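Before any questions on binding or motion, here is one chain by itself as structure tokens, the form predicted alone.
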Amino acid sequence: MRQKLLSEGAKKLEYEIRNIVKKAEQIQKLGLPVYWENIGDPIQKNAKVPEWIKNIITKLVKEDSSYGYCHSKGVYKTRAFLAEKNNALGGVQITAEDILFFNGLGDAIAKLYQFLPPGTRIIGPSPAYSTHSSTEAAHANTEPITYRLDPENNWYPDLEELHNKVKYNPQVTGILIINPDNPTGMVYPAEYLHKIVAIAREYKLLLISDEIYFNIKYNEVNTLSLAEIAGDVPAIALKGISKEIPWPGARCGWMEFYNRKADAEFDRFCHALEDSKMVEVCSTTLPQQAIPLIMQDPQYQPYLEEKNRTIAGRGKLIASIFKDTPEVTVNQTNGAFYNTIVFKKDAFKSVNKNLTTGNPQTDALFAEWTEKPMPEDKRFVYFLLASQGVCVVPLSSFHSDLSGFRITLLEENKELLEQIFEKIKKAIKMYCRS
């Protein structure tokens, strides 16, 4: 080509959550089962969408309006409903004009980092959710800037490190939180959130909160939404319907802009995001129309409460399976539907050098996958897949210097769930013995 077509930043677009699927498909081609613990899709893990939600969507499908374009910002009635829902919390007040719809949060996240000036950075948590960290790194043409979540302190953020990185990296213009967190399942305590807001206010930073899992909290743990704690700080909340309804295939997410008029630069940034959606015409209409009808239905809150109780029960069951596994640390999850299992520092000091999966064909695949040097947790994940058919994501793929892997709390079949995690436990024992 006459000129380079690919930017250096494109090399940072890594998504191991999906990449590992290619290897799992190789296992399937051998006629062997695969247990998918790599991605947060409730439907894939046997979740059933309630009939009352299906009935709402069925009625909308019969309405001609659900097939047309909507306003570029999103369906007005839905935006007005969401603004009113936010304002009832008593924090930052917004209107329908402060809400912007996207085709899923992946679309929203891509646009968010796309319009930042070159060299401008957003600091986010580590372990980092790949969509955020990879997109931010691609924008910056370098590795992401992160602050540490501490597995020895319930995965809470290291606020001293966050403050120092903000202070000594003047290119940092925003702080990202994911609350509840993916991949750890941690829920930010209110006092931590207030301190993060104070850092943003001190250094005149943008606050971003990914709240896609905000209504998935359990074990009587509470937190605060960004609107409740932002005060006068310019901020953006990221929300959607893919997890709680659940309707991931709807690809329906939105941004809420807080304190837009408090800073002219922030207001211009919001305008650019709106203009980008105008160029695309709009986001998908039907899922937006469904949001108020579903969320106002009297069955919705009981449905969420029951879902959260069930997820909490799975978390406790998984923790009990690993309680006598000294090679790993397992923290209690309180939100979202993930847990991050961390290998202890000495877990790999006597890795089994004569690993076999028990099948010559999967032995050959494992050898092929691990030909090149790689982090030890990634090698374990490949062994787990080859030997047990369980597909998880290595923690090193979440821009973390810890070794471990992420699992989900989604499997609806309790017997199958126990079977999957006993397989993981078995693989740990096989891998770490001398």
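Owing to the predicted nature of the structure, the values given are computational and were not obtained by experimental measurement. Position 1 is the first residue in the sequence shown; the rest follow in order.
One more form of this protein, predicted together with a small molecule, exists but is not displayed; see below.
**Student:** Out of 145-153, 113-121, 160-168, 210-218, where are the residues with a heavy atom within 4.5 Å of the small molecule in the predicted bound form?
**Tutor:** Partner-contacting stretch among the options: 210-218.
**Student:** At 4.5 angstroms, heavy atoms only, are Ile178, Ser242 and Arg251 all close to the small molecule in the predicted bound form?
**Tutor:** Contact check passed for all of Ile178, Ser242 and Arg251.
**Student:** Identify which of Phe269, Tyr129, Tyr188, Phe257 has a heavy atom within 4.5 Å of the small molecule in the predicted bound form; exactly one of them does.
**Tutor:** Of Phe269, Tyr129, Tyr188, Phe257, the residue with a heavy atom within 4.5 Å of the small molecule in the predicted bound form is Tyr129.
**Student:** Which one of Ala290, Ile236, Ile196, Ile109 is close to the small molecule in the predicted bound form, taking close to mean a heavy atom within 4.5 Å?
**Tutor:** Only one option qualifies, and that one is Ile109.
**Student:** Can you tell me whether Asn182 touches the small molecule? I mean in the predicted bound form, with a 4.5 angstroms heavy atom cut-off.
**Tutor:** Asn182 belongs to the contact set for the small molecule.
**Student:** Do Gly315 and the small molecule come within 4.5 Å of each other in the predicted bound form, heavy atoms counted?
**Tutor:** Flag for Gly315 set to no.
**Student:** So, Phe343 and the small molecule: in the predicted bound form, are they within 4.5 Å at any heavy atom pair?
**Tutor:** Result no; Phe343 lies far from the small molecule in the predicted bound form.
**Student:** Gly104 near the small molecule in the predicted bound form, any heavy atom under 4.5 Å?
**Tutor:** The answer is yes: Gly104 has a heavy atom within 4.5 Å of the small molecule.
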